[in-house]
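Below you'll find only one chain, the form predicted alone, shown as C-alpha coordinates.
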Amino acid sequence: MKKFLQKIKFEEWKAWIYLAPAVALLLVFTVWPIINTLRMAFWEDYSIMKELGGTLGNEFGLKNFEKVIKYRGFIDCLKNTMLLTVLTVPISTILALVIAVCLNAIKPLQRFLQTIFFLPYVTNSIAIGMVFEAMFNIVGFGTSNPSYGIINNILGVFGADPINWINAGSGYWQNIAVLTIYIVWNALPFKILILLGGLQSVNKQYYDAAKIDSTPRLRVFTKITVPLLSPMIAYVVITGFIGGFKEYSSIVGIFGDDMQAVGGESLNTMVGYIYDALGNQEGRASAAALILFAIIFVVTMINMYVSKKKTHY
(Lines give C-alpha, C1' and ligand atoms only; values in the text may rest on other atoms or scores of the structure.)
Protein backbone atom coordinates (compact mmCIF):
# COMPACT_ATOMS: atom_id res chain seq x y z
CA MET A 1 0.00 0.00 0.00
CA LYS A 2 2.83 2.38 0.90
CA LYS A 3 4.59 1.69 -2.40
CA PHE A 4 1.33 2.27 -4.26
CA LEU A 5 0.85 5.69 -2.61
CA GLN A 6 4.44 6.65 -3.36
CA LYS A 7 3.93 5.68 -6.98
CA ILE A 8 0.81 7.85 -7.21
CA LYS A 9 2.69 10.76 -5.66
CA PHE A 10 5.56 10.31 -8.12
CA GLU A 11 3.14 10.18 -11.06
CA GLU A 12 1.48 13.37 -9.80
CA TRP A 13 4.81 15.21 -9.59
CA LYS A 14 5.79 13.92 -13.02
CA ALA A 15 2.56 15.35 -14.46
CA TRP A 16 3.28 18.74 -12.86
CA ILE A 17 6.81 18.71 -14.31
CA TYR A 18 5.39 18.12 -17.79
CA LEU A 19 2.85 20.89 -17.25
CA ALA A 20 5.34 23.37 -15.79
CA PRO A 21 6.46 25.04 -19.08
CA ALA A 22 2.86 25.59 -20.20
CA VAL A 23 1.81 26.84 -16.76
CA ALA A 24 4.78 29.22 -16.62
CA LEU A 25 3.95 30.67 -20.05
CA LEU A 26 0.28 30.98 -19.06
CA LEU A 27 1.19 32.85 -15.88
CA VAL A 28 3.61 35.21 -17.63
CA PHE A 29 1.64 35.98 -20.79
CA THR A 30 -1.99 35.62 -19.65
CA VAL A 31 -2.50 35.79 -15.88
CA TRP A 32 -0.02 38.57 -15.12
CA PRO A 33 -1.19 40.85 -17.99
CA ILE A 34 -4.77 40.55 -16.70
CA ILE A 35 -3.70 41.42 -13.15
CA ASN A 36 -1.52 44.27 -14.42
CA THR A 37 -4.39 45.63 -16.54
CA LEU A 38 -6.62 45.77 -13.46
CA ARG A 39 -3.85 47.51 -11.52
CA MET A 40 -3.22 50.12 -14.22
CA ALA A 41 -6.92 50.77 -14.83
CA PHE A 42 -7.59 51.77 -11.23
CA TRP A 43 -4.27 53.59 -10.70
CA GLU A 44 -5.12 57.21 -11.43
CA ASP A 45 -3.19 58.82 -14.31
CA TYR A 46 -1.04 55.74 -14.68
CA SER A 47 1.88 55.90 -17.10
CA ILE A 48 4.81 53.51 -17.45
CA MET A 49 7.20 56.45 -17.84
CA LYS A 50 5.91 57.98 -14.60
CA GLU A 51 6.29 54.67 -12.81
CA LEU A 52 9.85 54.19 -14.09
CA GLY A 53 10.70 57.78 -13.12
CA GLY A 54 9.28 57.36 -9.65
CA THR A 55 6.80 60.24 -10.09
CA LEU A 56 3.65 58.13 -10.06
CA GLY A 57 1.34 58.77 -7.13
CA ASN A 58 -0.37 56.19 -4.98
CA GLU A 59 -3.98 57.22 -5.65
CA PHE A 60 -6.45 54.61 -6.78
CA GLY A 61 -9.91 55.31 -8.13
CA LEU A 62 -12.12 55.58 -11.21
CA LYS A 63 -10.43 58.60 -12.80
CA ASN A 64 -9.19 56.62 -15.83
CA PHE A 65 -12.69 55.31 -16.49
CA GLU A 66 -14.11 58.84 -16.25
CA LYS A 67 -11.57 60.14 -18.77
CA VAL A 68 -12.33 57.33 -21.20
CA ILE A 69 -16.10 57.89 -21.02
CA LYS A 70 -15.73 61.68 -21.27
CA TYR A 71 -13.35 61.42 -24.23
CA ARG A 72 -15.12 63.05 -27.17
CA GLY A 73 -14.29 60.16 -29.55
CA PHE A 74 -15.34 57.40 -27.17
CA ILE A 75 -18.97 57.40 -28.31
CA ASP A 76 -17.83 57.32 -31.96
CA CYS A 77 -15.55 54.36 -31.26
CA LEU A 78 -18.35 52.54 -29.44
CA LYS A 79 -20.85 53.39 -32.20
CA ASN A 80 -18.55 52.10 -34.96
CA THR A 81 -17.84 48.91 -33.03
CA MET A 82 -21.51 48.22 -32.29
CA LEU A 83 -22.61 49.03 -35.85
CA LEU A 84 -20.04 46.77 -37.51
CA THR A 85 -20.87 43.94 -35.10
CA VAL A 86 -24.64 44.20 -35.54
CA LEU A 87 -24.30 44.34 -39.33
CA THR A 88 -21.71 41.62 -39.90
CA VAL A 89 -22.65 38.87 -37.43
CA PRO A 90 -26.19 38.12 -38.73
CA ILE A 91 -25.18 38.47 -42.39
CA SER A 92 -22.10 36.25 -42.08
CA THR A 93 -23.99 33.62 -40.04
CA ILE A 94 -26.86 33.36 -42.54
CA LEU A 95 -24.50 33.25 -45.54
CA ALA A 96 -22.29 30.64 -43.84
CA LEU A 97 -25.33 28.48 -43.10
CA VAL A 98 -26.57 28.64 -46.71
CA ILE A 99 -23.08 27.92 -48.12
CA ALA A 100 -22.55 25.04 -45.67
CA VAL A 101 -25.87 23.45 -46.72
CA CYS A 102 -24.94 23.82 -50.39
CA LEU A 103 -21.44 22.39 -49.83
CA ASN A 104 -22.90 19.44 -47.93
CA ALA A 105 -25.06 18.64 -50.96
CA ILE A 106 -22.11 18.72 -53.40
CA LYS A 107 -20.18 15.49 -52.90
CA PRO A 108 -17.66 15.31 -55.81
CA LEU A 109 -15.99 18.73 -55.29
CA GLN A 110 -16.72 19.13 -51.59
CA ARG A 111 -13.11 18.89 -50.35
CA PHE A 112 -11.81 21.21 -53.06
CA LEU A 113 -14.49 23.83 -52.38
CA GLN A 114 -13.91 23.54 -48.62
CA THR A 115 -10.26 24.39 -49.22
CA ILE A 116 -11.17 27.38 -51.40
CA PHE A 117 -13.60 28.76 -48.83
CA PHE A 118 -11.12 28.22 -45.99
CA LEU A 119 -8.23 30.13 -47.64
CA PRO A 120 -9.23 33.59 -46.28
CA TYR A 121 -9.00 32.22 -42.73
CA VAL A 122 -5.27 31.48 -43.10
CA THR A 123 -4.44 34.69 -44.98
CA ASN A 124 -3.12 37.79 -43.22
CA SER A 125 -6.02 40.17 -42.53
CA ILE A 126 -3.94 43.28 -43.28
CA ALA A 127 -2.96 41.85 -46.68
CA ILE A 128 -6.61 41.04 -47.43
CA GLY A 129 -7.56 44.58 -46.41
CA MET A 130 -5.04 46.00 -48.87
CA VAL A 131 -6.55 43.84 -51.64
CA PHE A 132 -10.02 45.14 -50.78
CA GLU A 133 -8.66 48.70 -50.78
CA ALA A 134 -7.43 48.14 -54.36
CA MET A 135 -10.78 46.63 -55.39
CA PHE A 136 -12.79 49.64 -54.19
CA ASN A 137 -10.19 52.32 -54.90
CA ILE A 138 -10.35 54.98 -57.60
CA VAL A 139 -6.82 55.73 -58.83
CA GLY A 140 -6.48 59.34 -59.90
CA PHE A 141 -9.70 60.31 -58.14
CA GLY A 142 -10.67 63.89 -58.98
CA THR A 143 -8.69 63.93 -62.24
CA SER A 144 -10.06 63.90 -65.77
CA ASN A 145 -9.05 60.29 -66.38
CA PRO A 146 -9.51 58.19 -63.20
CA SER A 147 -8.89 54.46 -63.10
CA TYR A 148 -11.60 52.51 -61.32
CA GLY A 149 -11.20 49.38 -59.22
CA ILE A 150 -12.86 46.09 -60.05
CA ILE A 151 -16.01 46.82 -58.03
CA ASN A 152 -16.81 50.03 -59.90
CA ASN A 153 -15.98 48.30 -63.19
CA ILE A 154 -18.55 45.61 -62.37
CA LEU A 155 -21.10 48.29 -61.52
CA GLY A 156 -20.33 49.95 -64.87
CA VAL A 157 -21.19 46.72 -66.71
CA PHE A 158 -24.72 47.01 -65.31
CA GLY A 159 -24.94 50.70 -66.24
CA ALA A 160 -24.49 52.05 -62.71
CA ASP A 161 -22.41 55.14 -61.99
CA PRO A 162 -19.09 54.71 -60.12
CA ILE A 163 -19.34 55.05 -56.35
CA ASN A 164 -16.73 56.79 -54.23
CA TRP A 165 -16.27 54.03 -51.69
CA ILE A 166 -13.08 54.92 -49.83
CA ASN A 167 -11.42 57.90 -51.48
CA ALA A 168 -11.32 61.50 -50.22
CA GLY A 169 -14.81 62.88 -49.78
CA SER A 170 -16.48 59.48 -49.55
CA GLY A 171 -19.42 59.15 -47.18
CA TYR A 172 -19.50 57.37 -43.85
CA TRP A 173 -22.00 54.76 -45.02
CA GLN A 174 -19.94 53.96 -48.12
CA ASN A 175 -16.98 53.28 -45.83
CA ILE A 176 -19.14 51.12 -43.53
CA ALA A 177 -20.43 49.17 -46.57
CA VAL A 178 -16.87 48.32 -47.64
CA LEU A 179 -15.92 47.26 -44.11
CA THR A 180 -19.07 45.15 -43.78
CA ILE A 181 -18.34 43.31 -47.03
CA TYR A 182 -14.74 42.69 -45.97
CA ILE A 183 -15.55 41.51 -42.42
CA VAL A 184 -18.34 39.21 -43.63
CA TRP A 185 -16.06 37.71 -46.28
CA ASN A 186 -13.27 37.24 -43.75
CA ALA A 187 -15.60 35.67 -41.14
CA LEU A 188 -17.21 33.14 -43.49
CA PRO A 189 -14.50 30.40 -43.57
CA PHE A 190 -14.53 29.63 -39.84
CA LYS A 191 -18.32 29.64 -39.65
CA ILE A 192 -18.68 27.48 -42.76
CA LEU A 193 -16.22 24.96 -41.31
CA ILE A 194 -18.13 24.71 -38.01
CA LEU A 195 -21.57 24.48 -39.62
CA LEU A 196 -20.45 22.01 -42.28
CA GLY A 197 -18.99 19.78 -39.58
CA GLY A 198 -22.31 19.95 -37.76
CA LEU A 199 -24.24 19.08 -40.91
CA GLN A 200 -22.09 16.03 -41.57
CA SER A 201 -22.81 14.71 -38.08
CA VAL A 202 -26.61 14.99 -38.43
CA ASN A 203 -28.42 11.65 -38.47
CA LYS A 204 -29.54 11.00 -42.06
CA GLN A 205 -32.70 9.26 -40.86
CA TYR A 206 -34.35 12.66 -40.35
CA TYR A 207 -33.85 13.56 -44.01
CA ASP A 208 -34.91 10.09 -45.18
CA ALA A 209 -38.17 10.43 -43.25
CA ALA A 210 -38.71 13.86 -44.78
CA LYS A 211 -38.20 12.40 -48.29
CA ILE A 212 -40.77 9.69 -47.62
CA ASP A 213 -43.28 12.36 -46.56
CA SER A 214 -42.37 14.52 -49.62
CA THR A 215 -41.56 17.44 -47.33
CA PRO A 216 -40.62 20.65 -49.23
CA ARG A 217 -36.93 21.58 -49.08
CA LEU A 218 -37.59 24.90 -47.36
CA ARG A 219 -39.53 23.15 -44.61
CA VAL A 220 -36.76 20.56 -44.24
CA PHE A 221 -34.28 23.41 -43.86
CA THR A 222 -36.32 25.32 -41.26
CA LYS A 223 -37.71 22.36 -39.31
CA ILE A 224 -34.84 19.86 -39.44
CA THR A 225 -31.54 21.45 -40.47
CA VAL A 226 -31.72 24.66 -38.45
CA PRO A 227 -32.96 23.05 -35.17
CA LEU A 228 -30.36 20.28 -35.36
CA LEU A 229 -27.63 22.82 -36.09
CA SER A 230 -28.78 25.22 -33.37
CA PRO A 231 -25.85 24.40 -30.99
CA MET A 232 -23.34 25.20 -33.75
CA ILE A 233 -25.29 28.29 -34.82
CA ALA A 234 -25.31 29.54 -31.22
CA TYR A 235 -21.56 28.96 -31.02
CA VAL A 236 -20.73 30.88 -34.22
CA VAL A 237 -23.06 33.73 -33.21
CA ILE A 238 -21.44 34.10 -29.78
CA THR A 239 -17.90 33.91 -31.17
CA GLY A 240 -18.95 36.26 -33.98
CA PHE A 241 -20.08 38.90 -31.51
CA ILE A 242 -16.86 38.52 -29.52
CA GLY A 243 -14.78 38.88 -32.70
CA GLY A 244 -16.90 41.79 -33.93
CA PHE A 245 -16.29 43.80 -30.77
CA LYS A 246 -12.54 43.26 -31.25
CA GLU A 247 -12.54 44.49 -34.86
CA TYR A 248 -9.48 46.55 -35.75
CA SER A 249 -7.14 45.05 -38.36
CA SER A 250 -9.67 45.19 -41.22
CA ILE A 251 -10.04 48.97 -40.85
CA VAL A 252 -6.26 49.48 -40.73
CA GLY A 253 -5.83 47.26 -43.79
CA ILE A 254 -8.25 49.33 -45.88
CA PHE A 255 -7.95 52.85 -44.47
CA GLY A 256 -4.49 52.78 -42.88
CA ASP A 257 -3.44 53.92 -39.41
CA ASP A 258 -5.71 57.00 -39.61
CA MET A 259 -8.71 54.62 -39.78
CA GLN A 260 -10.71 56.98 -41.98
CA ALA A 261 -10.99 58.15 -45.56
CA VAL A 262 -9.31 61.49 -46.27
CA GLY A 263 -11.64 64.18 -44.95
CA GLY A 264 -14.16 61.58 -43.79
CA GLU A 265 -15.55 60.53 -40.42
CA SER A 266 -13.41 58.47 -38.07
CA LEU A 267 -13.93 54.70 -38.28
CA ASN A 268 -11.97 54.02 -35.10
CA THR A 269 -13.18 51.20 -32.86
CA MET A 270 -12.79 50.34 -29.18
CA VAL A 271 -9.70 48.23 -29.89
CA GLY A 272 -8.31 51.06 -32.01
CA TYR A 273 -8.78 53.48 -29.12
CA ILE A 274 -6.97 51.07 -26.78
CA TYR A 275 -4.01 50.81 -29.18
CA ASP A 276 -3.89 54.60 -29.59
CA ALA A 277 -3.82 55.11 -25.81
CA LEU A 278 -1.09 52.53 -25.18
CA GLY A 279 1.65 54.99 -26.15
CA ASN A 280 1.49 57.31 -23.13
CA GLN A 281 -1.90 56.71 -21.48
CA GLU A 282 -1.68 53.11 -20.35
CA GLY A 283 -4.15 53.74 -17.51
CA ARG A 284 -6.83 54.90 -19.94
CA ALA A 285 -6.04 52.02 -22.30
CA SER A 286 -6.48 49.55 -19.43
CA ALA A 287 -9.75 51.20 -18.38
CA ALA A 288 -11.02 51.06 -21.98
CA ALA A 289 -10.02 47.38 -22.17
CA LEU A 290 -12.05 46.63 -19.04
CA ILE A 291 -15.03 48.55 -20.43
CA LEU A 292 -14.79 46.54 -23.65
CA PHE A 293 -14.53 43.33 -21.62
CA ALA A 294 -17.66 44.28 -19.67
CA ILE A 295 -19.60 44.96 -22.89
CA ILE A 296 -18.49 41.66 -24.45
CA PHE A 297 -19.33 39.80 -21.23
CA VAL A 298 -22.85 41.26 -21.05
CA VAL A 299 -23.57 40.59 -24.75
CA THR A 300 -22.21 37.05 -24.42
CA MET A 301 -24.39 36.35 -21.37
CA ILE A 302 -27.44 37.64 -23.26
CA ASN A 303 -26.59 35.45 -26.25
CA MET A 304 -26.12 32.41 -24.03
CA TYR A 305 -29.43 33.07 -22.24
CA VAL A 306 -31.31 33.39 -25.53
CA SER A 307 -29.55 30.43 -27.16
CA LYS A 308 -30.28 28.21 -24.15
CA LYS A 309 -34.00 28.60 -24.83
CA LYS A 310 -33.69 28.23 -28.61
CA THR A 311 -31.02 25.52 -28.81
CA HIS A 312 -31.97 21.86 -29.31
CA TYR A 313 -29.45 19.29 -28.07
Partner chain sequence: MADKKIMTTMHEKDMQKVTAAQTVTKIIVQFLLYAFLCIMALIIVFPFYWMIISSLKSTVEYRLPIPTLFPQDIMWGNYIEAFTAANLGKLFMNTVYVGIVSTILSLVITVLSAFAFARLEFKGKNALFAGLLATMMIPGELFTITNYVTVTKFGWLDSFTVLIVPFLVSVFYIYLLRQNFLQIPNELYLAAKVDGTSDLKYLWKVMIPLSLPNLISITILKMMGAWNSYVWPRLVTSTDDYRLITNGLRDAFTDMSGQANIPVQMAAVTVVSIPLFLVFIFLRKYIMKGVSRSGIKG
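The term rigid core refers to the most C-alpha atoms you can superpose between the two forms while keeping them within 1.5 Å. Keep in mind the model is a prediction, meaning the values are calculated, not measured. Residue numbers count along the first chain shown, from 1.
The next section is about a form of this same protein that is not shown, the form predicted in complex with the partner chain.
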**Request:** With the partner chain left out here, work out from 218-226, 201-209, 76-84, 143-151 which stretch has heavy atoms within 4.5 Å of it in the predicted complex.
**Result:** 143-151
**Prompt:** Between the options 171, 120, 231, 162, which residue brings a heavy atom to within 4.5 Å of the partner chain in the predicted complex?
**Reply:** 120
**Asked** Might residue 248 be said to contact the partner chain in the predicted complex, defining contact as any heavy atom within 4.5 Å?
**Response** yes
**Request:** Considering only heavy atoms, tell me if residue 275 and the partner chain come within 4.5 Å of each other in the predicted complex.
**Result:** yes
**Prompt:** Is residue 42 one of the residues lying within 4.5 Å of the partner chain in the predicted complex, judged by heavy atom distances?
**Reply:** no
**Asked** Does the partner chain come within 4.5 Å of any heavy atom of residue 264 in the predicted complex?
**Response** no
**Prompt:** With the partner absent here, would 33, 128 and 139 each sit within 4.5 Å of the partner chain in the predicted complex, counting heavy atoms only?
**Reply:** yes
**Asked** Going through 100-131 from first to last, which residues have a non-hydrogen atom within 4.5 Å of the partner chain in the predicted complex?
**Response** 102, 103, 105, 106, 107, 108, 109, 111, 113, 114, 115, 116, 117, 118, 119, 120, 121, 122, 123, 124, 126, 127, 128, 130, 131
**Item:** C-alpha of residue 297 off by 2 Å or more between the shown form and the other one on rigid core
**Value:** no
